[in-house]
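A single chain, nothing else alongside it, follows as structure tokens in the form predicted on its own.
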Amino acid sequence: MEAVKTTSVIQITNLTKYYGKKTCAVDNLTLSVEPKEIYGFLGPNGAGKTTTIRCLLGLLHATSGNTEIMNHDSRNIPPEIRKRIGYLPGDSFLYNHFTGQEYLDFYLSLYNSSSEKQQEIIELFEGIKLNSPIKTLSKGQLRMIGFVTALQHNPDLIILDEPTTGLDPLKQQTVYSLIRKERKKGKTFFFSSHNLSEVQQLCDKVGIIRNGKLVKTESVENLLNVRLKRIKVVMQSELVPSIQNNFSKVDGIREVKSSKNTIEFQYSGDYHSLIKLLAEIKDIHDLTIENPSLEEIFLKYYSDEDSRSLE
């Protein structure tokens, strides 16, 4: 039976990867990345991000499941499709006997591409050392060279594994600006990260991976609008024990912090219950209700007890 073609640039279906018989790195993972999308693959080190990327690129063989790029099985991607893919591995291995420029030119020749795009990207990375031997360069310098390598042949799909590791804040912003610029030209990005700030700044969609399992796929906008609020109540008088006890009895209240006349907490319960509780406090001086940061949401998905309450 002929496989059904999709519009997705990346399609991963029920991917499972074991190392040996007992170590499961990726467990029945399914996700898709659409054209012109910036997809953030979010999770801490060891969650299965790099293994997923390597299976997707055909660098590792999956134990079971399927991975496809542009409707081609990852195990047999044609050369003409590979030329349309840019890849920055998490641990860049660069040939030590090359200078930075020699390394870039060597890889550019493999794609039979002009150097126009290469020079455009190099100019953005102020301070990049292209005339020094690879073996003498810092991790940040190697990362910049790796990033140029991934984009210099003008690919349609760019896969980045922890792209800003080792870069200072200014260089990170350069990377973010370049990703946004390339997406406007129609490029698709799939990148792994444990940097919540960059995911929040860049991504259209986020997949959260935990212990090899994809626990949530959502747009950043929707993820930040989950039923979880950060609340701060400031009272005119000193906070009394009876009020603190009332807060502790309401379902959905967690992470409670209190001071002399202030109580702060996160809330994911029914809003009517919260309003009823607040109405019983007669001397509220100030009330602040905020959406949580992506970091707070992410940490909740890594809590067995709390992750169910965010659905």
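Residue positions are given as counts along the sequence shown, with the first one as 1. The model shown is predicted, which means the values in this text are computed figures rather than measured ones.
Not on display, but discussed next: the form predicted in complex with a small molecule.
Although the partner is absent from this view, A25 contacts the small molecule in the predicted bound form, with a non-hydrogen atom inside 4.5 angstroms. Contact annotation for G46: at least one heavy atom lies within 4.5 Å of the small molecule in the predicted bound form. T50 belongs to the set of residues with a heavy atom inside 4.5 Å of the small molecule in the predicted bound form. Remark: of stretches 240-248, 264-272, 38-46, 65-73, the one touching the small molecule in the predicted bound form is 38-46 (heavy atom within 4.5 Å).
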